[in-house]
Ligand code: SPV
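The chain below stands alone and is given as structure tokens, in the form predicted alone.
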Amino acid sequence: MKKTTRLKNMLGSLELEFLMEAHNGLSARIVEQSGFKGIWASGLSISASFGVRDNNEASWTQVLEVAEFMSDCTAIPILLDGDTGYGNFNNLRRLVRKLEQRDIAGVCIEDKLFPKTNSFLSEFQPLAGIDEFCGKIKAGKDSQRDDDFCLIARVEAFIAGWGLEEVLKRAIAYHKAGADAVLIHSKIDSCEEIESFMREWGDRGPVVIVPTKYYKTPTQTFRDLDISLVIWANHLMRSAISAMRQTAMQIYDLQSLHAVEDRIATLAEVFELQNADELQQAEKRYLPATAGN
């Protein structure tokens, strides 16, 4: 089954589905091996891995290159965090075509202005006009060649301080414009805003959430609300920071590797994630035999 079809089926599933964040090929392989059915290629995490801010300081082509490495080394679908689409409708058209060429299953775009501001950083979050963003959605959908490629519209009105009425107005408009799902984002510590939206949304279409701030909400609550897809949005990147910092500090302080030996991956694990065995087998098949063999 195509990756695009698998992501579309996840959005339409009667069961609650999950995506885990990854930010490079290595973390993408770990997500797949952990049993997840799909990957969230996080803009925040990819930016952080470059050491830059989540304000479109990494260019869209740099993000695309990372996504391509992730796609090449995994068999599960990837949903790219496409920020605002990296510009206007024309930029999004080109992005969609390039994502399809790299076997990326879908893209999520948010209704803020380019360059974007991370949703958890600033109180000032200017939003795009509804008509302009609907045009961007239509352009993205018209550009795809694979009918199952997914475009998800991320509604940032709660983030920007607007109420439920504005969130609903935008979500309904984006759904009518052709979005395959809407992502309703919230930065409060409870699920209250998501619950209020779901009570009014009904069964119009799939809803995606990112419970980074309201993570204490029981997952069963999301099932009871008929949420389609939950994104664990940045947790591999954040756990990697903690682990790398601890290892670096211990090696610096002790001037020895002995103290960290038991809690770091073996080289064999690294080589397995790199699929080194396949290259060794290919060398036996394609390289000439050495003298004496």
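From 1 onward, residues are counted along the sequence shown. Every value quoted in this text rests on a predicted model; they were computed, and no experiment measured them.
Quick note: we don't show the form predicted together with ligand SPV, though the next part is all about it.
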request  = Using heavy atoms only and a 4.5 Å cut-off, decide whether all three of 29, 32 and 104 touch ligand SPV in the model of the complex.
outcome  = no
query = Is residue 137 close to ligand SPV in the model of the complex, meaning a heavy atom pair under 4.5 Å apart or at it?
reply = no
key: residue 111, heavy atom within 4.5 angstroms of ligand SPV in the model of the complex   = no
ask   = If you check in the model of the complex, is residue 118 within 4.5 Å of ligand SPV, heavy atoms only?
value = yes
ask   = Are any of the heavy atoms in residue 43 no more than 4.5 Å from a heavy atom of ligand SPV in the model of the complex?
value = yes
query = Pick from 145-153, 118-126, 193-201, 89-97: which stretch has non-hydrogen atoms within 4.5 Å of ligand SPV in the model of the complex?
reply = 118-126
query = Within 4.5 Å of ligand SPV in the model of the complex, heavy atoms considered, which of 58, 229, 233, 66?
reply = 233
note = Residue within 4.5 Å of ligand SPV in the model of the complex by heavy atom, from 79, 181, 210, 167, is 210
note = Checked 180-197 against ligand SPV in the model of the complex; residues with a heavy atom within 4.5 Å, sequence order, are 185
